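Below you'll find only one chain, the form predicted on its own, shown as structure tokens.
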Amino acid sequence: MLRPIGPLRGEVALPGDKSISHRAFLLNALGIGHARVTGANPGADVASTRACLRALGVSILDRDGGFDVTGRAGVLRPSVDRLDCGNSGTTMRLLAGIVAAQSFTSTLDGDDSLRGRPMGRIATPLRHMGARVEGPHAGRRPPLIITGGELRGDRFELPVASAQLKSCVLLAAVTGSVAVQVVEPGPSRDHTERMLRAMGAPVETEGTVITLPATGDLACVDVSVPGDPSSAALVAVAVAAIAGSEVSFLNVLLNPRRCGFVDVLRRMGVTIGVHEATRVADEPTGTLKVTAANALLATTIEAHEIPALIDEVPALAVVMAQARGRSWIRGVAELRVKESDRVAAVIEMLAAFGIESAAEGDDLWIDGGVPRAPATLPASDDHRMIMAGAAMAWGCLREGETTKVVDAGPAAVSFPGFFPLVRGLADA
């Protein structure tokens, strides 16, 4: 049960970024030498990546608050069981590229939610490179049965701007020591390219064209994982809506392709300071300081902005629901195939608080106003929807009101300490 909270104030260190955490383990598993990974995201998704790699013979030791990874120079061993990717699409899509270059057959599976997510986009380039991708659904959905072998490189023009699809191809190429060129229709997250460069791979990027020559050995690299900006966004929207709030998020990933939500919140009236401090595995990190808005203004998120904030759409919808006027989020089709249909889930969540919204084609509009409380958050297995709903409640609950959370458990997928962290900031 959620109750009203006072202003959020203080400094906070967030869970490690999920995208960087996945890649710190996957790429170091392909390298030569040893790496120390600290600050990895503690959620279930990254744990699935570690479990799959261990099943493939990679030594990942949990020691002194971090992990010691021993690289296998791209040569893994067959798993005796299916590779269980849990709820993690990142695990399945990136790992598919790696096993496609192995000389054995692997079966990649997941939970019921992951089994419903599309995989045909990765199956197509992997088959073109020479791997066999099969399964009960012919590779369109999990489970995927991938028989690897000697791959061939090529030029791939991707149908969508997708970091997971791009990374699948790049990891297949680097594991199979073949050259590829990947062309995207627009920019997507570039964490894989950055970490490959940090490990010595000669990745070149020109606009939306990524060129990877046939790569020799990768050198394992230590990674101190910065805080997850997607987690920052979920707390920041509560800060934005609760008068008198001001919170600094320390050591956060500041990759510009991950911080699109900052620009959106600023034009809605939220004050956000960004202070870059250092770089980790070629990634900028630093501090975000968020101060509550005096008044929230409606805005439009254009389709070209979506790749830089796709995971933050549920959080941004919370702010739009409390802004003056009608807001639009354009080009949201990809949100329908995340952990849930997040377009439908956002509309359902907002309706629970009396806020009108609707989808029109690939666009979503939200009429801001005064959210109604108390409410009952719709049941969901989607971690981001659970936390966005909680942020919505905290932003509108008044003394004596409550909002019921049917099941807060899914938040542990990416942010196990979300609820106590926010309550701690309210008590600071």
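It should be emphasised that the depicted structure is a prediction, and the values quoted were computed from it without experimental measurement. Start at 1 with the first residue shown and count on from there.
There is also a form predicted together with shikimate-3-phosphate (S3P); it is not shown, and the following applies to it.
A.B. asks: From the list 357, 164, 255, 340, which entry has a heavy atom within 4.5 Å of shikimate-3-phosphate (S3P) in the model of the complex?
C.D. replies: The residue in contact is 164.
A.B. asks: Going by heavy atom distances of 4.5 angstroms or less, which of 283, 193, 311, 84 would be at the interface with shikimate-3-phosphate (S3P) in the model of the complex?
C.D. replies: Partner contact (heavy atom, 4.5 Å) among the options: 311.
A.B. asks: Suppose contact means a heavy atom within 4.5 Å; in the model of the complex, does that hold for all of 50, 70 and 72 with shikimate-3-phosphate (S3P)?
C.D. replies: No.
A.B. asks: For the chain shown here without its partner, which stretch in 97-105, 134-142, 293-301, 154-162 has non-hydrogen atoms within 4.5 angstroms of shikimate-3-phosphate (S3P) in the model of the complex?
C.D. replies: So the stretch in question is 154-162.
A.B. asks: Does residue 215 make contact with shikimate-3-phosphate (S3P) in the model of the complex, using a 4.5 Å heavy atom cut-off?
C.D. replies: Residue 215 lies outside the contact set for shikimate-3-phosphate (S3P).
A.B. asks: I'd like to know whether residue 90 contacts shikimate-3-phosphate (S3P) in the model of the complex, with contact meaning heavy atoms within 4.5 angstroms.
C.D. replies: Yes, residue 90 is a contact residue.
A.B. asks: Can you name the residues of 19-41 that have a non-hydrogen atom within 4.5 angstroms of shikimate-3-phosphate (S3P) in the model of the complex?
C.D. replies: Residues within 4.5 Å: 19, 23.
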